[in-house]
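Next up: a single chain in structure tokens, the form predicted on its own.
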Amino acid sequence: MNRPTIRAWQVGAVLWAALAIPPVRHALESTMTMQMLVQILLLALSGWWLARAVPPRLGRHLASWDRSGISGLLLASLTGLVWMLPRMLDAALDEPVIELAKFLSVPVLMGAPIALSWPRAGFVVRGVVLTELTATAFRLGWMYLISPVRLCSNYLLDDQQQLGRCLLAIGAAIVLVLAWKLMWGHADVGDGHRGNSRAGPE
């Protein structure tokens, strides 16, 4: 491995290890908002860094399976959806095996596929992913905000409503950024095939 690859692997591994340290883990799981929007996001980021160290041969095999980035982005979307469910957030706190599953699945099945698949995806695939991400943020945000009962037994109703407001704000921010980029930015409308033969993300 060359120096940038080793550095990327080290960054991902150190970030993952830091998130697993008990005081850090407990702090990031102290609120529903921190667990979903900070801890899970950072775990995905560690997987994104680790994916940059994927060997070229494995990258070529993955590219043949992940045409236009669709398979990888679909896998990442489904994994992210699982860890946005209140039942899974609760289970991660109550059951060590579910916590371990979160620490393994989010980097490997969410962060790494995004890093590998996003450069392969074309304008349409990226648009579909961002549209569904925005819709999910609005749907879950609204559900968390208006629900009169706690959806997670480990978190208070105020925390749940705070998460709902954050998700609605994130959904609105994505819409504004996309609108600005489409109207005044420089949106890449390529056909998405140029990266299909890449061994990994640039």
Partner chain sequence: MSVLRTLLASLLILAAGVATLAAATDGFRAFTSETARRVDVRAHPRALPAVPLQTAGGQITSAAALRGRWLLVEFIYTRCMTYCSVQGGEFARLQRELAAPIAADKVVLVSVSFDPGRDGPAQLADYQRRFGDDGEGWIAVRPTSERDLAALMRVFGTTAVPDGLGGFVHNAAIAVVDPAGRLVAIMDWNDPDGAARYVMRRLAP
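Just so you know, these numbers come straight off a predicted model, no measurement behind them. Numbering follows the first chain given and starts at 1.
Unshown form predicted in complex with the partner chain; subsequent notes refer to it.
J.: Is every one of Asp66, Ile70 and Arg87 in contact with the partner chain in the predicted bound form, taking contact as a heavy atom within 4.5 Å?
T.: Yes, all three are in contact.
J.: Tell me, please, which stretch of 57 to 65, 133 to 141, 40 to 48, 164 to 172 lies within 4.5 angstroms of the partner chain in the predicted bound form when heavy atoms are compared?
T.: In short, 57 to 65.
J.: So which of Val177, Ala27, Leu156, Ile146 gets a non-hydrogen atom within 4.5 Å of the partner chain in the predicted bound form?
T.: None of the others qualify; the residue that does is Leu156.
J.: Among the candidate residues Ala101, Val108, Val129, Leu75, which is the single one with a non-hydrogen atom no more than 4.5 Å from the partner chain in the predicted bound form?
T.: Of Ala101, Val108, Val129, Leu75, the residue with a heavy atom within 4.5 Å of the partner chain in the predicted bound form is Leu75.
J.: In the predicted bound form, is there a heavy atom of the partner chain that lies within 4.5 Å of any heavy atom of Arg52, even though the partner is absent here?
T.: No, Arg52 sits far enough from the partner chain in the predicted bound form that none of its heavy atoms falls within 4.5 Å.
J.: Quick check on Met34: any heavy atom within 4.5 Å of the partner chain in the predicted bound form?
T.: Taking the distances in the predicted bound form, the answer for Met34 is no, it never comes within 4.5 Å of the partner chain.
J.: Would you classify Val125 as touching the partner chain in the predicted bound form, given a 4.5 Å non-hydrogen atom cut-off?
T.: Val125: no contact with the partner chain in the predicted bound form.
J.: Test of understanding: in the predicted bound form, would Leu81 fall inside 4.5 Å of the partner chain by heavy atoms?
T.: Yes, Leu81 sits close enough to the partner chain in the predicted bound form that at least one of its heavy atoms falls within 4.5 Å.
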